[in-house]
Structure formats: structure tokens, C-alpha cells
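The data below hold one chain only, encoded as C-alpha cells and taken in the form predicted on its own.
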């Protein structure tokens, strides 16, 4: 048995947000019922094969499920996954679909971490992004979670939208700190192909925020959140001591994880696979006992090593040469010495005490730095 992380994908939403390119569709109750049955069947195959330290139910919008549907899903997880081994159990929730009764179910079924998709505390921003909830909904959902006894809550926020000012962002940061979540994720708005936001950009009905302003927003996030007791432990993530997201560390450290559901990825022993992305093909495939894996690749050792460095550089602590050597049988310098020297010369990475990491200067151009290791 291996210790891994389990991801379960719920691809249903009330409606698509303008910026979203995740594998999600507008929900219909009948479809959800069939999908949950398929999820349970896929989970049953895992029974006894793995020991999971973390479970993460994401989407889409898991909180869109009715109370009956949510209980069916949560019961399936507990039925097939040894709950005694689960240290961190996260469910994503939208403030517009999270109710007191659903919160009660999550608590009853031993979920111990909630990731609340707030994105903004300003109604004008929420409307612009296509969110279904209001600022009041967000505050009320957070308070309800605390009242129910949830001691580990993450809040997601987005910065950099075209109609957002630095002052708007500072207000959002002030509001979130006043609420006092245990973990805060701040993401720069991205324009993904096929989204309505990108279509508006292409026909010039909107314009991207100035890069300088976006960078100032990011720097403000770091200054403000760290000065208020949040450790900036990953490019986009801040946590109070002891509340860093264990599940995401499996991705950042490029260690094993299993994905369940339509379009979900798994990465086991250097082999990456993904399930059929189309929800209906996934459901039919599971019901007909077919193999629903639509993509598979076995990474060559140097590619595996390269991806491991890229992912680890997202963490402020970077990557230890000792750990790297134990995994791959050679040092970081053996494969990336030239890149390390060049980037260090420009002050973008540091290599001290046998640990490679981004400098603060490198942090602000992280995507560019990481391409050097691909």
C-alpha cells in the first residue's frame, strides 16, 4: 500500500464563471445522480489498494449537490477510503450554494478543511467575474463554517481583473484578514482559451489590467498578509502556522496522487494518466466496466526530474538537493547546473545549504524562471 493523495472531481456548476476553463458543466440533478453512481463505482476499485493521507473534493462546485446527493458522495468516500488514515479532508464550496445543513453533513462525515471560493468581497467584482454569490453570502458562509466548528478554512481570492484598482484589492485583503481564515490563496486572473473573458479580450470589449498594477497587487498581497501573520509558503498561498495545504504539497513535490471522476489526473510511480474528460462518456464508460483512461504517459527520468524542480520552485522553501538525489540518483547541478548558474547571476534563484529556491526577485517572474528547467 502506498501513501497518496486522492482527488475527486465534481464537474457541475450553477453557471460557468467568465474566467473558468476547468472541466465543468451546468448542472442537472438527473445527471448528477448518474455521475455520483459512477464515482462510487470508481472509488470501489481503489478499495484496499492505497492508503490516502489527504482527500480533496473539487470542481466545478461540490457544494452544488443537494443534501441527499452530498451525503451519497461523502458516504461513498468513507465506505471505500480508510478514514483513520486521512489527515486532511478538503471540500471546495461556493458561498452561493453552501447551506447550514450541507455544512452539518460535511462536519458529520469528517471533512476537516473547507476551501471557500470567494474571489472578491466586492459585489461589482463578483458580477464582473460571473460569480453567483454576493459579498454578504461570502461573509455569512464563513461565519456559518466557524459556528459549525471548522478550524481549517481557506479563502480563494482573485486579483488583476480589468475593472479592479489597487485600492479595490487592498480592501479585499483587509476584509479577508478581518475574517481570519487559516489559509488564503491569491490568484492572478488568467485569460484561458475558450472562456467568455478571453473572447471579450479578443474582440477588444475589455482590456487587460496594466502589468505594473498587477505586479503591485501581488507585492501588496505579500506585504499585507505576511505582516498579518500569514506565512507566504507558496507562490499563491499564505497560511497561518501549521495550516499549509497538505494535499497541494503532493502536487508541488511531484509525489503520487490519484484522481477520480471526469477529466481527473493521476500520477503514480512516474506514470501520469487522465480520465475521459466528457462527463457523459465517463459515466457510460464506468457503467459499462470500460477503461475510462483517455491519456497515459510514462515520464523519462530526466523529464520527471525536470517537472519535480519546476513544481518545487513554487514553494518558497524550494527543493533540497539531498531529497532530489535520493529520488533520482544524481544532483540538481548534474542536470541543471548551467541554468542554475545563469539564473543565480541575474539574482533570480539562490542555491544555499544545498537548497535551490526562487529569490524574491525571481518570485515576480516565476513563470519565466521555470521555463528554464523544462
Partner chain sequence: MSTGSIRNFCIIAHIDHGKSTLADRLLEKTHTITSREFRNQMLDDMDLERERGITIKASAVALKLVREGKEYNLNLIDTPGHVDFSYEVSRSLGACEGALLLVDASQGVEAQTVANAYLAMELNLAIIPVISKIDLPNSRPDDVLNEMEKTLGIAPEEALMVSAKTGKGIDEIFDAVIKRIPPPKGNPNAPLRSLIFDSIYDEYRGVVVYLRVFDGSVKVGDEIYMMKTNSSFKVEEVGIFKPKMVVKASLSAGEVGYCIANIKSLHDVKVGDTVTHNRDRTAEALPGYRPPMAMVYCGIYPTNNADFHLLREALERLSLNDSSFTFEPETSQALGFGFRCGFLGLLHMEIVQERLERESNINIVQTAPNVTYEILKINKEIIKVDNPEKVPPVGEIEEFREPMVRASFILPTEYLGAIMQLAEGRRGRYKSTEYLSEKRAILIYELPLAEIIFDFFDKMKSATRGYGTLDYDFIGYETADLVKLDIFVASKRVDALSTIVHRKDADIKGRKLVKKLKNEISRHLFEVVLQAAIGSRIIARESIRPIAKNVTAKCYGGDITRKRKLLEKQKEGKKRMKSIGNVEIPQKAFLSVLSVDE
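No experiment lies behind these values; they were computed from the predicted model shown. Numbering follows the first chain given and starts at 1.
FYI, the form predicted together with its partner chain isn't displayed, but the following is about it.
Heavy atoms within 4.5 Å of its partner chain in the predicted complex are found in exactly one of 169-177, 133-141, 264-272, 99-107, that being 264-272. For residue 257, a non-hydrogen atom is located within 4.5 Å of its partner chain in the predicted complex, even though that partner is not displayed. Its partner chain in the predicted complex is approached by residue 346, whose closest heavy atom lies within 4.5 angstroms of it. Proximity of residue 280 to its partner chain in the predicted complex: non-hydrogen atoms within 4.5 Å are absent; the residue sits far from the partner. Of the heavy atoms in residue 211, some are within 4.5 Å of its partner chain in the predicted complex. Taken together, 251, 295 and 364 are fully in contact with its partner chain in the predicted complex: each brings a heavy atom within 4.5 Å.
For the options 124, 287, 190, 226, the one in contact with its partner chain in the predicted complex, meaning a heavy atom within 4.5 Å, is 190. Residue-level contacts in the predicted complex: of 237, 164, 221, 94, one residue has a heavy atom within 4.5 Å of its partner chain, and it is 237.
Residues of 296-330 placing a heavy atom within 4.5 Å of its partner chain in the predicted complex, in sequence order: 297, 299, 303, 307, 310, 311, 314.
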